[in-house]
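Below are two forms of the same protein chain, given as structure tokens: structure 1, then structure 2.
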Structure 1
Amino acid sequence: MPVISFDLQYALELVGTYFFAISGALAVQNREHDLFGAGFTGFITAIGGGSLRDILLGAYPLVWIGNIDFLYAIFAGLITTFVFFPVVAKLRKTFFLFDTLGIAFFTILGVEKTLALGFRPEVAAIMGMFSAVMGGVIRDTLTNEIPILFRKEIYASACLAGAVVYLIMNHCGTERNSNLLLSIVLIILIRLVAVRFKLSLPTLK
């Protein structure tokens, strides 16, 4: 009896995409972007990481192009942002939580997809991290901000750590669902602890 069934996973992917689109659209609220700019930014945030992963792997069609459900999940996220903006904007802290859940979940999904396509674990670790964070990196690059990756808090490194732990446990034969849950919880914990205690990695000096 799987803890995470296929249908639950699929539903979670759509929900994660929905929240990624919202947090992407919200990310630019302080700038002078119009509705279209906010929608475009939300769209890029939601599809960027997975698209880059699949382009690097040559895994066509891209998820959101082959399965229109993801496009509708993004549209739903953007419309939610536009219609309920005053409410949504107040939920910033809640969205920080959703973003953390999202990057943890998409990291491990990215690792699993890469392994399933027959690539090596070293590649899977990188692709897991890319799936989770590159949407935000592309968004920040387009809007001329310093990408999240290069800001102080531990963010992408938490994803990479979780991916590596998943791969080691997978190599040791840990049952998939336990491994999935453990790695996701690990990423979330690292991220929350880092933000709570303002931890950061040392700089080159």
Structure 2
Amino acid sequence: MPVISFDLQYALELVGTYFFAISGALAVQNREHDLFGAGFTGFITAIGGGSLRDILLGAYPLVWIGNIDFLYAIFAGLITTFVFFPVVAKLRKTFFLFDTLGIAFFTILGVEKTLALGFRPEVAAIMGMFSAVMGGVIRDTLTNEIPILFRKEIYASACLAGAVVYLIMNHCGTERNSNLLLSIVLIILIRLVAVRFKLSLPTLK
């Protein structure tokens, strides 16, 4: 594997972990939680999806246990939230922004890891989605919210669409770094457009 590809993937994994830690910590805003509670929620949000993916795939040690850099990324996200909270809290739709960036990064990286372990593309698409959304499901459960996965929003489906596009472009021989970035941008755009225009999938009636 070319060094540049590894560096890009590794950087995106750390950045995604950082964003998810921030989104988890921000989830307890305006609730009766102390800094420890906010930090714990941020930590669980950051590791939840990737840990579940690795457990299901039998990939040990879990990524945040085997590589200390991921813990540093989580701590950096928490420190950013605590130290710059007055600034971060004033940014419009900050929570949505960090959550969207997190799911976009984790989806594609989950797909890549699953493929690298020798699993079929269909499994890789599902594991990519799991990597992205399960941390948020745990976060919402801890904060007594209906998990966003079960709300009338295009969320997990955006992740699945990005994963499928990545797999198609990978099959067609698209350069890996370009594929990574394009698929991540696609997920972000789907989420932004869906929220902006209040789009949702049909419901069972």
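Take the two forms, superpose them, and find the largest set of C-alpha atoms that agree within 1.5 Å; that set is the rigid core. Structure 1 provides the reference sequence; residues are numbered from 1 along it. Because the structure is a prediction, the values reported are computed rather than measured.
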Which structure would you label as the form predicted alone, 1 or 2?
-> 2
Would you tell me if Leu182 moves between the two structures by 2 Å or more at its C-alpha, with the rigid core held superposed?
-> yes
